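So this first bit is one chain, no partners, the form predicted alone, shown in structure tokens.
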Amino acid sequence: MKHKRSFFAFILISLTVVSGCWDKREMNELAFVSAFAVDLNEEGKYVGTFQIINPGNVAGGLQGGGGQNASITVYSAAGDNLLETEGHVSMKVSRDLYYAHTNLIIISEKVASEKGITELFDLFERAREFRTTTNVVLTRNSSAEEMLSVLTEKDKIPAEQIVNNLKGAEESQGEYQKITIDNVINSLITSGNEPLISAFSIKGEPKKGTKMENIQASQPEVRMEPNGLGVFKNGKLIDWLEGETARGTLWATDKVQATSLNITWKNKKDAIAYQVVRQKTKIAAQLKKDRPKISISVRAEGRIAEVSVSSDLTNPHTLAAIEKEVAKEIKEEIEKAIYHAQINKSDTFGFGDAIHRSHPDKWKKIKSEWNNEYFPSSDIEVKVEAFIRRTGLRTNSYLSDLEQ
């Protein structure tokens, strides 16, 4: 009994000492940062822009364009580093900046091309509230501050709309990819692999995009749209990829989730639309007499999505011929992307990393000159197989009946 009394006394004393979370902060003490943007000013200093959520306005009547107040407020400040910009902004905000819900980092085209991105991510990786799964995008033809200031009509938080637009483009077009802080850092520190970052542009006058009238219109004058992939070399933006060149790059890096291809059939351009539902790319690397030889193998599976000429899709020979045309189109896109990358002398495919894994000793000798000497002259072979798994709810089009 004496031991039990001592035990309960110990428990009571412990409860008085342990008083809960020592660093607890109330909701009304926090400024929720939904996005963070980085620019350069004329003096060459960083300009940090913080998109802060207005909780009362988000929960209010903005849906359907009926609200009177913006869902976000934007603050900017300059500094020699990103932490200094945060310190200056914190003096303008009446609450503590809170980053646990930050889902977007925007880097301006000027920062990426002039100063580079190598030094930017240490703060984000080191801070306890920042998630390394936060998305990263570039701006194109506008500042990052302008991008964060545009109000959006569908998602109440503009950062969410950018992320959702990027996800939709990635899942439908095959020309864009979502990339996170963690992905960028891994690309920067991995030998023989340069990062690719999707970009957004503002369509319309940026200042008009900050007004509530823009999102209350049935056709907003100002909106943000995906616009190409940024190509990097040694941490600096050097070029943009668009259309088939961008998709060819993602084909080769196994990043195409879904897309559609148009092929010529019966002498009619874009007569058949082939929708990719899954694909797999494998890369093999060898060194022959210290010269790189790369093999790319792509396997695509999809369905016939649209036909504008009469075709006998019940005939296995017809389907096999269409599959060959699809494979040919994919191969041409990949080869076009490789040629473009070799001209830029920037290995955005990770071929150098593949050689590093297969020939680690020899890689040490060539890695310093990989981008400038070895990659541009590499022998790269592309093999593509394409398969038609379905033809939709019907096989032959009604166009065949019309022709008869």
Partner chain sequence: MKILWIAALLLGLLLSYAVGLNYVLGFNLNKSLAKTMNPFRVMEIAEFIVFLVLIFFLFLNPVRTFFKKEKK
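Note that the coordinates shown come from a computational prediction; the quantities given were computed from them, not determined experimentally. Positions refer to the first chain, counted from 1.
Missing here is the form predicted together with its partner chain; even so, the following discussion is about that form.
Put simply, of 110, 88, 299, 291 only one has a heavy atom within 4.5 Å of its partner chain in the predicted complex, and it is 299. Of the candidates 173, 227, 279, 310, 279 is the one whose heavy atoms come within 4.5 Å of its partner chain in the predicted complex; the others do not. Its partner chain is not shown here, but in the predicted complex it comes within 4.5 Å of a heavy atom of residue 317. Only one segment in the set 317-325, 219-227, 79-87, 233-241 has residues whose heavy atoms sit within 4.5 Å of its partner chain in the predicted complex; it is 317-325. For the partner-free chain shown, nothing in 73-90 comes within 4.5 angstroms of its partner chain in the predicted complex, judged by any non-hydrogen atom.
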